[in-house]
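Only one chain is shown below, in structure tokens, and it's the form predicted on its own.
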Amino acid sequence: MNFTDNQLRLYLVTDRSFLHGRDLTDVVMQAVKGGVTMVQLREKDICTSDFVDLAQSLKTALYGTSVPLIINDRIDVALAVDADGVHIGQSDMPYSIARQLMGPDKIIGLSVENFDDIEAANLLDVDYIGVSPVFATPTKTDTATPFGLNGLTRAVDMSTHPTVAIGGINGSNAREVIETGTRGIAIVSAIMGANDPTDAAQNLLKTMNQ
């Protein structure tokens, strides 16, 4: 799949804690129906075989759409299901090794937590960076100091790569976040925890486009 930075516009990051008995693939596909442009499967507390099964289910469901499937951290899982790419953090496998394993045609995103990380990322040929966190977020408690809107604006200006903003973003602040110049927003609870993921995605896009 050819990557374009337009695919970062509404980036869904999964979190099964918000499902409350619902099927992960069903919730993701409802969100895609509402306009989600990229999906990252993030699983921190799951065995490898179950992670592969979930990834394969999502890949099959997303087949025929223009929505890339990105695997968080686990390059082995991404390779096992031939996912479109991986997203790695500062403490994950070094980018150079990840690229060697994934090959030149796969998408690789890198989380940055401060301005030094952004300067370092500028020396790499990553496809995009995830600026994290923009705001404090209940879904991830081990994050660095939030960038805030001013910090995000500076991050966008500094980066030579397309940026996607993540952390505490929802319908109340999505427009302000997009106005910083970031290519997209990454959403967890505002979609995964919504009663109607399709409607939630549509409303976020409307807010961003106002």
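The shown structure was predicted, so the numbers you read here are calculated from the model rather than taken from an experiment. All residue numbers refer to positions in the sequence shown, first residue = 1.
The following text describes the form predicted together with a further copy of the same chain, which does not appear among the structures shown.
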Give a yes or no on whether every one of 120, 124 and 164 sits within 4.5 angstroms of a further copy of the same chain in the predicted complex by heavy atom. no
Using 4.5 Å between non-hydrogen atoms, is residue 113 touching a further copy of the same chain in the predicted complex? no
Residue 97, heavy atom within 4.5 angstroms of a further copy of the same chain in the predicted complex: yes
Can any non-hydrogen atom of residue 106 be found within 4.5 angstroms of a further copy of the same chain in the predicted complex? no
Residue 66, heavy atom within 4.5 angstroms of a further copy of the same chain in the predicted complex: no
Partner-facing stretch of 146-154, 31-39, 46-54, 174-182, counted where any non-hydrogen atom is within 4.5 angstroms of a further copy of the same chain in the predicted complex: 46-54
Using a 4.5 Å cut-off on heavy atoms, what residues in 61-81 are near a further copy of the same chain in the predicted complex? 73, 74, 75, 76, 77, 79, 80
